[in-house]
Every structure is written in structure tokens, then in C-alpha cells.
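Okay, so we've got a single protein chain in two different forms coming up as C-alpha cells, structure 1 first and structure 2 after it.
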Structure 1
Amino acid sequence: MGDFAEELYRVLLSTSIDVAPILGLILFFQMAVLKRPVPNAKRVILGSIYVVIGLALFLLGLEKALFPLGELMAQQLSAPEFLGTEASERSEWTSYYWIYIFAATIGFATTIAEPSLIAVAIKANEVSGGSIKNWGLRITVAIGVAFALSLGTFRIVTGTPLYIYIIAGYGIVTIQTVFAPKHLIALAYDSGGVTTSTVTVPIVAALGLGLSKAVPGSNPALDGFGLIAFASLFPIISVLAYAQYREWIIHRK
């Protein structure tokens, strides 16, 4: 238990430093620019204490659960015994199909349940005057993320360069932007950012790095990244496509 207490103390100290800039910003603007005392100072102080303790516990739990989980799943699903291949040889990319299925499932499930996406979907419904359906958008984004993570794990297994995929993705987004309904563009761009929540990011990052450690001949430092980048890019494409599809349906009537 002594180890844990020491660890907690160390993490608490560093999270206090992490939260300090926010407090500094608030204090500076209240004192120097707005020249007013901080309203509800008590709540601000208590809130900051919660933030520091919460952040510390989260980071401790992350080390114990989320990171190991992502890596464990990658290891188990790419283990030679599971694949039924020899340990040292590089297997065909097709033999890793459980990894692709796992990546797609975890992407879909976490996105469908993502609270900030639900909020965005409700707003999108308002902006579009009802042409964007709440569930339609959520499923579209979730499919985007599921496809992104599958493709991302495929890329790690094959070791193809990341930037080719990203540049191709940018090309598609740019072309879609020209044709998409203008008032929905900003929203579609934002849907890429909101999919990757605080719980999902560490698991997905660890999944990629763990997979890259397990695939023979792959270097985690060069090949292990990219899953999160894909997960923020592909929802933009799927949402722009969905917006255009809805527009087309409505105009056809």
C-alpha cells in the first residue's frame, strides 16, 4: 500500500501543476483585465480541488486498466498460437482478421455511446431543419470510426506509410466539401474531433502500439500510431456523405 500512496502523491503533485495554468488564466483576467473579484470563489476553489484529485485518479487507473487493456487485446488477438502460425515469420495480412473485427467493434460501440456525439447530433438536427436525423448521424459517425480503426489496424499490420492514407483522406474531404450543403460543413468537420473521448483514446492508442509490437518486423515507434488520426478523419467523410445523401433524397421528392 505504501507504493500506492507514494504513487498517488507523485501524481497529485504533477496534476496540480497541470491544472495551475487554468487557475492562473482565470485569476489574471479577473484581477487585471475585468478588475473584479472572482465570483463564487469558494466553488471555483472546491471545483479545482476536485479536478486535481479526479485527474490524478484517472491517470493512475489508466496505467492500471486502459493502457494494459488495449495492449492485451492486441497481443492476444495477434499471438501466433491464436493465429495458428509460426512465431517469427510475418503472416499474411488476412490472418489478422480478428484484429480488424475487434477494432471495428470497439470503434462502433464507443462512438454510439459517446455523450458529446449525442449532443452534437441533437444540434445537427436543429441546424439542418430536421433533414439530418439524430440516429442517422450517430450511426454514420460510428460506421466512420469503425471503418477508420479497421483500416488503421490493417495499415499497422501491412506497414504501409501513414501519410498516404491521410493525404488521400484529405483529398476526399476537400472534394466532398465542394459539393456538401454549406451550412453543415462546420458541423461535419467537428464530428471528427468529438468521437475520440478521454476513455477511448488511451485504449485505441495502446491497441495500435501493442499490435505493432506483436507483428514481426514492425517498429512501434514508426508504425504504431495513426489509429486516432484515422478515427478523427473518417467520420468527417462519412458525415459529409450522409449530409449529401439526405439533401439528395429531399431534393428528389
Structure 2
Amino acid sequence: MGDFAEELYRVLLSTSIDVAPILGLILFFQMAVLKRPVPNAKRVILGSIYVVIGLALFLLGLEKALFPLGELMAQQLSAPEFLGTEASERSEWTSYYWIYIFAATIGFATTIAEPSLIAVAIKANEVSGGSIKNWGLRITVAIGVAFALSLGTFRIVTGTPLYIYIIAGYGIVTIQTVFAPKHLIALAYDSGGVTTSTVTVPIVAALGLGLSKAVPGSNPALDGFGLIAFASLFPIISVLAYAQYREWIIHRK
């Protein structure tokens, strides 16, 4: 209990230091530039305290649970005894199918639960008058992330260069942008950004690092990173594809 209290105090102090410049900047503009008192000062102070406590608990949870869990699952699913190979051998990429399935499912689940995506989906539904469905957008983005993480783990297993996938992916996005409905292009690009937020990033980063440590011949510094880039790229492709499909259906009708 004493160790936990000490760690919580450390994280709370660190979070307070990180949040302080933001609050200071807001107060400076409110009082020095706008020259007005802070509206609902008590609620703002209470809300700031909640933010600091919430962030501290979240960061502590990442450190104690999500990071170790992601690495553990990746190492267990790619362990030689699980794959039926020797520890020094590099298995065929087809032997890691459980890793691909796990990456896809965890990517889909974390994206559905991503608070940033939920907020964007709600606003998109409001400004579009209901034509962009909340769940439709979230599921489309989640499918993109699921495919992205599955492909990203395949890249780690095979050891192929990251730039090949990124160049090819953005080439597809560029072509899609030319033909996609113009009113959904900006939303598609934003959908790629909001997937790499509080819930998705810690698990994805831990998954990549854990897998690169477990696969013989992989270098965590070179191969362990890059999954987040996949998770921000492929949702753009999936949302643009969904927009093009909807446009095609409307024209057919």
C-alpha cells in the first residue's frame, strides 16, 4: 500500500507539472488579454482537479496494466513453444496467424472505445443532420485500425521496411481523395488522427514492442515502432472507401 501511495504521489506531481502550463496560459489570456474574470471559477478549479486526478490514475493504469498486458500477449502468442519451433529459429510468417487475429481484434475493440473518436462521431452526426451515423463512422474507422494492426504485425514478423507500406498507403489515400465525396474528405483525414489517442496508443505501442522482442532477428528499436503510423493511415482509407461506396449506392438508386 505504501509503494502504491508513493507511485500515485509521483504521478500526481508529474501530471500537475504537465497541466500547469495549460492552465497558466488560459488564465493569462483570460485576465491579461481579455481582462475579464474567469467565468464559473469554482467549477473551473474543481474541473481542473478532476482532470489532474483522472490523468494521473490513467497514466498509472497504463504503467501497471495496459503496457505489461500488451507486451505479455504479444510474447505469449509468438513464443517458440506456442508456435512449435526452436527458440533460435525464425518461424514462417504463416505461423503467427494468432498474432494477426489478436492485433485485429484488439485494434477494433480499442478503437470502438476511443473517446476521441466517439466525440468526433457525435459531432459529425450533428453537423450532417444525421446522414453520417455515429456507429457507422466508428465501425468503419475500427475496421481500418483492425486491418492496419494486422498488417503492421505482419510487417514486424517478416521484417519488411516500413516505408514501403507507408508510401503505398498514402498513394492509395491520394487516389481516393481525388474521387471521394468532397464533404467527407476532411472527416476521413481527422478520423485517422483521433484513432491514435488515449486508449489505442498504449496497447498498440506495447504490442509492437512485445512482438519485436519475441520474434528472432527483430530489433525493437527498428521493428517495434510503426504500428501507430498504420493505425492513423488505414482509417483514412476505410472512411474514404465507405464514403465512395455510399456515393455509389446513392447514384445507383
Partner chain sequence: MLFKTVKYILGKLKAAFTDLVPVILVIGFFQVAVLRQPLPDFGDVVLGSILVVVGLMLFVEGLEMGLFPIGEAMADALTRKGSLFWLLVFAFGLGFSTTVAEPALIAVADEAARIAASGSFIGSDEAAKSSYSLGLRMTVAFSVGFAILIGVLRILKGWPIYYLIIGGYIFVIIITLFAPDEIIGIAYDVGGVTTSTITVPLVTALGVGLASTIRGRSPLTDGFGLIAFASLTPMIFVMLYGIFIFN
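C-alpha atoms forming the largest set that superposes within 1.5 Å between two forms make up the rigid core. Given the structure is predicted, the values throughout are model-derived calculations rather than measurements. Structure 1 provides the reference sequence; residues are numbered from 1 along it.
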Just checking, which of these two is the form predicted on its own?
2
Is the shift of N219 between structure 1 and structure 2 large enough to count as movement, that is, does its C-alpha move by 2 Å or more after the core is superposed?
no
Does A119 shift between structure 1 and structure 2 by 2 angstroms or more at the C-alpha, the core having been superposed?
yes
So with the core overlaid, does the Cα of R138 end up 2 Å or more away between structure 1 and structure 2?
yes
T196 CA shift between structure 1 and structure 2 in angstrom, with the core used for superposition:
3.3
If you line up the core, how far does the Cα of G129 move between structure 1 and structure 2, in Å?
6.9
